[in-house]
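Next come structure tokens for two forms of one protein chain, structure 1 first, structure 2 second.
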Structure 1
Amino acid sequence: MKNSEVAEKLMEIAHLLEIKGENPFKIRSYEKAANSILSLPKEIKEFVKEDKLKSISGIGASISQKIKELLETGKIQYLENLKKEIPQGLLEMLNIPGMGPKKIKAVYTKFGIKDIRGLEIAARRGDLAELDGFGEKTAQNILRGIELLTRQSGRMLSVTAKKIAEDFVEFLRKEKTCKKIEVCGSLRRACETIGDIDILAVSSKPQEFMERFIKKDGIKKVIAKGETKSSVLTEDEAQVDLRVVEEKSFGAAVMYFTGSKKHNIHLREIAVKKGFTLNEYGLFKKTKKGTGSFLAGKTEEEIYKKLKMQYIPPEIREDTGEIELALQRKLPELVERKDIKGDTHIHSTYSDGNARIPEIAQKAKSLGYEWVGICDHSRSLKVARGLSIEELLKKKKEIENFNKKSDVKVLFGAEVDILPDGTLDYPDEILRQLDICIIAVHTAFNQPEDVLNKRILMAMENPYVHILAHPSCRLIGKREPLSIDYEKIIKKAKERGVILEVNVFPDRLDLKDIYIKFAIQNGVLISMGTDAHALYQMDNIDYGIKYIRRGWVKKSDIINTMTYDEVKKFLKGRNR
């Protein structure tokens, strides 16, 4: 059983206890244990074998026993008993943006609502608006959340799809008949959410290869099985499609099934104008009688070359100008993973992170970084254990001492709350001491659009601000983006020299790719922050690189490619 599965069970206990109205300290103990397990460097079963469960932060005798029970039997009886007390529909409500355990308990206690459908009916007929602590606006937000949940059903975050796809590819590569294999579709283009996972392969024995595919562990259902194409549904409810193609057509098929649809259509039009026919089987010479001799198809590169175009990276194949530039051989050279020298946005144990400064630096070293920006939450964000000024200065001293002896340097930073009136959560005399000052909205999301815009623009005027973090505050499938004017914010960023963050935490991906592209076209620099709260989350930098490439980001557009000396000098020069 994976760590994520164990953590999920403990968090489920915490949610059920909160719905029941149990002791807050008891609830927090399960939440803390779940978060600690998610941050473990190895599998939880190893800690059980070594009898070291209690060495994990937040795990005492009671929770330790429940974890052992789960690993041995596949269930926790305590959780099963809780489920009997509380309807399953209440748990499903937790997936609705804005519906936490306290609100769920309130609607269940007052109206006896047991499922999402009942909640929707109560909201539409005005019952929720009359409930203490709700009001009409809350009721409207709940309806909006239900609609958002419905729209997102059937799709998964790209990072989730990536893990599933990699697992399949690793499994299929072990088959001796597998010559080539590639993940295609919207996952290869690094889109935000994914529907089905498309995998293409070359095999000398397609039927045997398909048989191996459908018998992989973790498959819930075989949807279809054929000689060259099969589809399965995993236990994670993900559909995975496998196609086996001829080696000479592999590149053409990868190109076709990567998409996008608009890119493919435009590319085929270019081929026709040049006297060719292009499809998933290859590039062919066009004749009066139709398709003629085979010209290319083994690789994507040779097809683009035959069309007298630059190779177009998968992430920008959206028919937004890439084909025209490729024909002129003027495509930008997109940033690559090897260019990245630091991460601007990481949280430590000073606020709500799970790792200490030396641990973060060590992880950064393993990722090939020269520096990291440790930016903990500011004092007003109590839910995230925001730092008082005294705690912040203590952190500064630790960083200064640490940097004297460390190869990987730490930028002394803070993620400073933009308060509802547009002021910042620390005074200027504190802000000027920061190596890196990130500002962000964390509260009052429902302010009117004009108020939100004025609030953010006012905060960007501060001379000590370096970066505006996760500008839209969206959480994919959970919270819609703020009603903000991106054009005004990008204009202000250019005017004030403020960097715009692309927060690559998987359910944020904020800025969206279209605004990344718009920002760099207007001369605004960006930063890439993993917003990591645990060491393993720092690995999202690899996933993040593919995402920001969708915004046509070059090495010169992003401060993460600067050396430590360069970024320190650059940020210091921003303070004026």
Structure 2
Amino acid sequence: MKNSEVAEKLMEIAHLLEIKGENPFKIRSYEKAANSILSLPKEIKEFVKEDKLKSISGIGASISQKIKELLETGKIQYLENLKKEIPQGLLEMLNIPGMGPKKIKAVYTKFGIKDIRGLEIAARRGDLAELDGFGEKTAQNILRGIELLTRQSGRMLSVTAKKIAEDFVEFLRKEKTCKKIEVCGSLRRACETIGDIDILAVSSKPQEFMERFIKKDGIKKVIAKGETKSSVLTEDEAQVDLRVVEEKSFGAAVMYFTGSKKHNIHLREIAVKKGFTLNEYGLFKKTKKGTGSFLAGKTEEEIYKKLKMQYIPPEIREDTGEIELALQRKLPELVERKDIKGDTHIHSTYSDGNARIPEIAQKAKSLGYEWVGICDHSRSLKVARGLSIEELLKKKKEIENFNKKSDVKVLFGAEVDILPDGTLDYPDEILRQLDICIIAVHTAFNQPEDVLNKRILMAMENPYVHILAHPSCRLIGKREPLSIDYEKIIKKAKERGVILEVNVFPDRLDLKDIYIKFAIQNGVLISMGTDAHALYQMDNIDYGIKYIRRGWVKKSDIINTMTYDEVKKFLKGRNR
């Protein structure tokens, strides 16, 4: 059973307990445990085997027992009992914006409403007004919420979110009263998908500013509008939250609005232990009465400092150990955009890319690179115009000639298919001629798990392989990651000196952040490739660098920081 499935079960318990009206802290325990499991790179069954479940933060006697039961029997009796008690439809009602556990419980106990359909009928009829705390508008809002639900498109890819955010920022920045503006939330942390867009601003006329925000073109609905915070829904169904604060609170507010929620809560707990309070307005020393005295708030740096911590980069604010390390001043120095000297994975017109080698090199130069790896598809991948051996050798010639007169150097590469039987799509005498040999699965994704595992591990044994590309083969929102043993692949990469690619095409982000971190802990090197099929896609390096920082990558962990001479020599040395 996958970690995500175990986490799912715990979240289901949390939701059912919420509807039951259980102790909120108990509910948070289940949520916290679920979250912890989601950030584990190792399979949960390994923890069960080694009897180490309780070493996971947020998992104690009761939850560890339930996880064991789940892995042994396939279910949790406690959850089964809850499900018997509470109809499934009530859980679905939680997805309606504005409907929370309390309202759901109320309509269920009073009217026996068991699903969204029933709720809609009751709201239309005007029955709901009978309930305490339910008025005219409540029913209206429920109906609007149900309407939104049916069209709600889920989470966005980073590219989509980035465009919307830039559009809003450009619009708001034009306002004369706009003093400061910053995109926060999951976009600032460079998460793999984005739920909504969170923008923070300082304005000399906050009320006017808010007014302008909710009246922007392309807004379909104002979800909420207040003095410091408003939310809107755009015509393309994206939610945008705007928070406006005073200059002296800007840092505290950026910190709050950047999150993550788990990081915020942990920081606030630390503040409390020191006799402080931390909120979006600042860090305050608690006094007997009143709000307390202001300690810091203008910048994030000064708040971390007052908490006796190093500054924590946004990308790693997930409460996965960064706070403890910041307290000990032991945070790693993460790789930066300016360290990047090349891109390992670009397609040209030789296969399914739309740019020629000189154009790619020129674009690389504009990005500040010294080199690019041009890796086209291999001969059996006909749909992507994979290169025959003759074409590949022609490409080799062109690159040799090109490099003689170019300051940006091209690495002669290929993205070689791992065939269904685990062999590679070119013979060794061809592979050995490549400056950069990356291998990947592009076919037969639905082989059984053990076959896939053997197939990939076998391919990694080939002495001419440098990089395993997009290891999970997932396409976010379209194709699930391969169910393979990532721990084994990471161990094999270490054993064979194979580099693991982080493919930063927006719907791939593969390796995924938690596995990047795990790979690096295990001494495996990574590479970053945009997998660009068009010049503009090489710009994905910008989000890419932030994404790999989520995996705690240092400059020395990634080959893209090497100079041309270094990378060339390094890859040559790997040919055994």
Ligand SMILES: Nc1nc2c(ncn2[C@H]2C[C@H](O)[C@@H](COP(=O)(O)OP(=O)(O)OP(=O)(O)O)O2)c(=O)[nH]1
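Bear in mind the structure is a predicted one, so any value in this text is a computation, not a measurement. Rigid core: the largest C-alpha set superposing within 1.5 Å between the two forms. Quick note, the numbers are simply positions in structure 1, starting from 1.
The form predicted in complex with this ligand is represented by structure 2; structure 1 is the other form.
The two forms, fitted on the rigid core, differ between the two structures by 2 Å or more at the CA of Ile59. The rigid-core alignment places the CA of Thr228 2 Å or more apart between the two structures. With the core superposed, Asp539 shows a C-alpha displacement below 2 Å between the two structures. Here the rigid core is superposed, and Lys216 then shows its C-alpha moved by 2.7 angstrom between the two structures. Structural comparison between the two structures after rigid-core fitting shows the C-alpha of Lys103 displaced 43.0 Å.
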